[in-house]
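Below you'll find only one chain, the form predicted on its own, shown as structure tokens.
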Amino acid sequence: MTKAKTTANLNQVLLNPACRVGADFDAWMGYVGGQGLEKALEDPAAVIQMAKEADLRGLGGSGFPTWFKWNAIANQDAYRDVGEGRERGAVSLAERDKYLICNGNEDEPGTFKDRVLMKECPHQLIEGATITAVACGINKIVFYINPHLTACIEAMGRAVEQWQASRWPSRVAEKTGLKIEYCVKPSSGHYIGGEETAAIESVEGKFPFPRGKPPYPSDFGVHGYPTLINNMETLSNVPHLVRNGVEWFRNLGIGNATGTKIYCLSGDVLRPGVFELPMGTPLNELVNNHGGGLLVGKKLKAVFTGGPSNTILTPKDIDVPMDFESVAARRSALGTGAMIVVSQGTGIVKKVAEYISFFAASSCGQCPSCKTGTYYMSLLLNRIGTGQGTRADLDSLINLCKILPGSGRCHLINGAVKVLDSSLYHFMNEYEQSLLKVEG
């Protein structure tokens, strides 16, 4: 079947007006609510296979196959408390604990999709999390939300209360034996708190220091129990996938891509905002058709893809299909789907310096290479961006891009290096021209 897509496909699933009912439980149930969950209860084992066949990805930035993480949790032996420790063994569903952290820490510049889903479509998200719990044998669901998103916390809190008072908890327990507990928990408010092991630490009431791996969360997560961490957008897809089926989901995308994607568009465009489009929609369609094109009199210079922790695309790549594989083929990354548009006249060095300063301030300080590396990169970039840099400063930046990746427990240092390295690759002339102000 040919998957013909047009701008008419805007906001057709997750951001469909019928889903954007806020904390109105009856409105969600009167639309499609409960249909996906009912199907999942009839055949929980089929849900993970559906996610695999549909190629549902992690939409918080990684693009990792969702089914793989689900399968790891579902296959975990049950645990039970034994005095001071735990033992593995065959125990009833009522006795075991597994956690699902629904990650809404969203704190990176240019990314603002999850807050729309939490505030305007909370019941869609809760149903998706519940279906995931049913499929994986999870009994504790934590909605982990940035504390600065107060409207989201309020909406999710009201929606959770409605679910708890509905027939669904008893219905799930009757069909599966799972007694699901829902919890809305504000995160620490730190950017690093969105990293999955840092989220586990935060849920446990600790400072969100990322953990070393292994062990992985599926083996040893919240309080030592198997834990699954999924992004809000990923989970919001689940009710629709289960309700409508694999073929329907695959046909939503363009080319080999499947499903839809919520793209965040910001920067030098006339109409910034969130746009749900078929996965694989060309970047130029997002910028020109939905974003209204660049500001009057401006020409495109670059696009930071997936937020500032990813890479840069230049005008020659504006036709790229926005899916994980296509963007990767252009030496970039889709990330969260955040597209920050930069026009001619904006200095790339200063823009990158702004983002690296964000990472330097966001480093938790646990890994010296990250704390000192991001600080030193920020220092050098600000020196070069203000015309005070030397050739030695630029050489130091280049060397840092070679030695810092992989030196931290989490990906913060990798993200900082990635955007710097990409800017050096595409705009080395701007860095060198900045040096000429003091050396030429």
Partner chain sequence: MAKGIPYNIALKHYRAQAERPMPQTDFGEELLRQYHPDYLRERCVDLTVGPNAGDPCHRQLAEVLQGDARIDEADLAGSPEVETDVLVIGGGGAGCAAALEASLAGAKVILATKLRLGDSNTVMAEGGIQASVEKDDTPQQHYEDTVKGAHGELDRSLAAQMVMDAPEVIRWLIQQGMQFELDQYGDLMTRRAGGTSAPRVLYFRDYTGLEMMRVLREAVFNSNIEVWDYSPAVELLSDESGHCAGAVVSSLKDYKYILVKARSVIIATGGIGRMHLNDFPTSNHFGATGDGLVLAYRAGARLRDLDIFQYHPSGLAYPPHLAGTLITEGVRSAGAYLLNAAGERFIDELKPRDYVAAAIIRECAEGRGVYAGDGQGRPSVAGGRTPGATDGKCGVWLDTPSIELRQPGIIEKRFPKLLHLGTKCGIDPRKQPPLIYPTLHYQNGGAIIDREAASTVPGLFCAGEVCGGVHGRNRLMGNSLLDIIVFGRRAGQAAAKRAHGFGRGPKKITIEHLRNFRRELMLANMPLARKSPLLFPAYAKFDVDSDYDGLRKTAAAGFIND
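What you see is a predicted model; the values in this text were computed from it and never measured. Positions refer to the first chain, counted from 1.
Note that the form predicted together with the partner chain isn't included here; everything after this is about it.
Residue contact with the partner chain in the predicted complex: Asn256 places no heavy atom within 4.5 Å of it. Heavy atoms of Cys183 never reach within 4.5 Å of the partner chain in the predicted complex, leaving it off the interface. Contact annotation for Pro44: none of its heavy atoms lies within 4.5 Å of the partner chain in the predicted complex. The partner chain in the predicted complex is approached by Gln388, whose closest heavy atom lies within 4.5 angstroms of it. Here the chain stands by itself, but in the predicted complex one stretch of 290-298, 173-181, 187-195, 135-143, 290-298, has heavy atoms within 4.5 Å of the partner chain. Proximity of Gly157, Thr234 and Pro278 to the partner chain in the predicted complex is absent: no residue of the three has a non-hydrogen atom within 4.5 angstroms. Shown without its partner, this chain lists Gly307, Pro321, Gly267, Pro210 as candidates; in the predicted complex, only Gly267 has a non-hydrogen atom within 4.5 angstroms of the partner chain. For the options His223, His148, Arg331, Lys350, the residue carrying a heavy atom within 4.5 angstroms of the partner chain in the predicted complex is Lys350. Contact residues in stretch 332-354 (any heavy atom within 4.5 Å of the partner chain, taken in the predicted complex) are Gln344, Gly345, Thr346, Gly347, Lys350, Lys351, Glu354.
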